[in-house]
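Quick heads-up: it's one chain on its own, the form predicted alone, in structure tokens.
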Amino acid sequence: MKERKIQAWTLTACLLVAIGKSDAAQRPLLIGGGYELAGSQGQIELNLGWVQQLLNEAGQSPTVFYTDGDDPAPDVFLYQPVSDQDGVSHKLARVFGEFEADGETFRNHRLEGVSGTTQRDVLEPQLRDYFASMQAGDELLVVYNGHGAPSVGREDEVSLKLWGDTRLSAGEFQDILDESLDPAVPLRYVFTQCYSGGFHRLIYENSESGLGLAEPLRCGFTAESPWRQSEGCSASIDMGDYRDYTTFFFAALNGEDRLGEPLKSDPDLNGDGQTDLLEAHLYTLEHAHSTDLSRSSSEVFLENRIPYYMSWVSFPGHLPDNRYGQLTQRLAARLDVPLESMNRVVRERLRELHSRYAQLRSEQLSTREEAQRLRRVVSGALLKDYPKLAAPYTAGYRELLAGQGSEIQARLDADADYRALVEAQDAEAVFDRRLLDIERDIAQLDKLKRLRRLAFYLDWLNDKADADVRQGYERLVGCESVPLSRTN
């Protein structure tokens, strides 16, 4: 625990420090929550609260904008399995309603020191004021934990889904920065939402064209590309199964995971005794068995600057000796993929996984159809004898359960069709978990392919790229490589 406290103490003092500066005023900004109550899952609150705690332990009080701000109305959606699954209410929920909702609860958030809501028309002027208050020597870190909306065209049109079902796109966020933030203030960011990769357009002077790096540098990390959904919006409060980007990235910076357990490996890849942001990202790429294909700003820059023909090149069996080559080797070993036959093995495994996914999905849909049929059979029989069950919010419904609830429960227990319904509904939920596991396995193989490509792209950069491309990449890597502790 002592090691964790030491690393937590350095989190803000060093996590946000500028390259080459140790006396800058650190200005962390946390934004998060759902866009409506049903989409404001408990995991989002716990993630943001955990990051806030780490920064607070470092002696830094981040500014926080979350859902509805200080409104006491419920703004967090939680789910816990129902303990009384044998009661008549739960049984009737299986027959007449969405029985999963039987475990849903709602409450007001428990974050402390929230400055305001994330609703667009309220948040935007507050962001402008916040950015305008910064000056040369300050540094800005923005962490977002919430939902994202896709774009049908440009990458910078992906959006943050904010409270009140409002939106703020990457391009609009850049406009706010350009119009409000002192041009001498650098920005680092961690965006973890679906389609978050579109926010890497912030690194450019013009988010639409993607030409020319912004000055001063903007760099950061996203859980996903601009075109894919990310993992990390569960209503469950079981943190032991969280596999989202926030969970692994900030665990690497913290020195232990959010449950206080040791890390899976030492994230300090260069052995300098400190973990920097890029190393935390690489740790996440290696160890997060999730559906995410996460990326850093320097990786995106590199992928956007390679010659077009390299996308078609068949790379040799050996790997370049760089950070991505080494990471590819470690991940391949973990996945039991031989390097000398990686292409063939990955292709075969992906074909098998996609086939298994399609088969399971077909079985799930058949199970769902059977469950729906059984619901019609069981509900029809119940309504014939107990018509008041058709109006569950009425006094007649409550009187019926008070007087004949035990009788209805016994009838359902003896009904073979009801027992078959329970089996079908439970089986469908098992399919969800099995399908998610396959999606995660597919992502690991896709990640392995991407890391291998990055290894050869980086090799090309070092050997053949123009000087301005190399310089741009190296500057972004320098911006990302801020350690958790520094020697002045």
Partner chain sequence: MKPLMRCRLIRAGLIFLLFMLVLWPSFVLVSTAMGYWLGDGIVVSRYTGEPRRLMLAALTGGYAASLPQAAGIALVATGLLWLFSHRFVTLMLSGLAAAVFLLLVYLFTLPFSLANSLILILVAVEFLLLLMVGGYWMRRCRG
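Just so it is clear, the model here is predicted, and its values are computed rather than measured. Residue numbers count along the first chain shown, from 1.
The next section is about a form of this same protein that is not shown, the form predicted together with the partner chain.
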**Fill in**
Exactly one of G212, P81, G153, G403 comes within 4.5 Å of the partner chain in the predicted bound form through a heavy atom, and that residue is G153
**Heavy atom within 4.5 Å of the partner chain in the predicted bound form - the one residue of L335, V313, A132, L383 that qualifies** = V313
**Contact segment among 362 to 370, 255 to 263, 223 to 231, 414 to 422, judged by heavy atoms lying within 4.5 Å of the partner chain in the predicted bound form** = 223 to 231
**Request:** Consider F456 of the chain shown here, and say whether it contacts the partner chain in the predicted bound form, taking contact as heavy atoms within 4.5 Å.
**Result:** yes
**Prompt:** So in the predicted bound form, does F431 come within 4.5 Å of the partner chain, heavy atom to heavy atom?
**Reply:** no
**Asked** If you check in the predicted bound form, is N343 within 4.5 Å of the partner chain, heavy atoms only?
**Response** yes
**Prompt:** Might R110 be said to contact the partner chain in the predicted bound form, defining contact as any heavy atom within 4.5 Å?
**Reply:** no
**Prompt:** Hey, with the partner chain in the predicted bound form, do Y309, K449 and K464 all fall inside the 4.5 Å heavy atom range?
**Reply:** yes
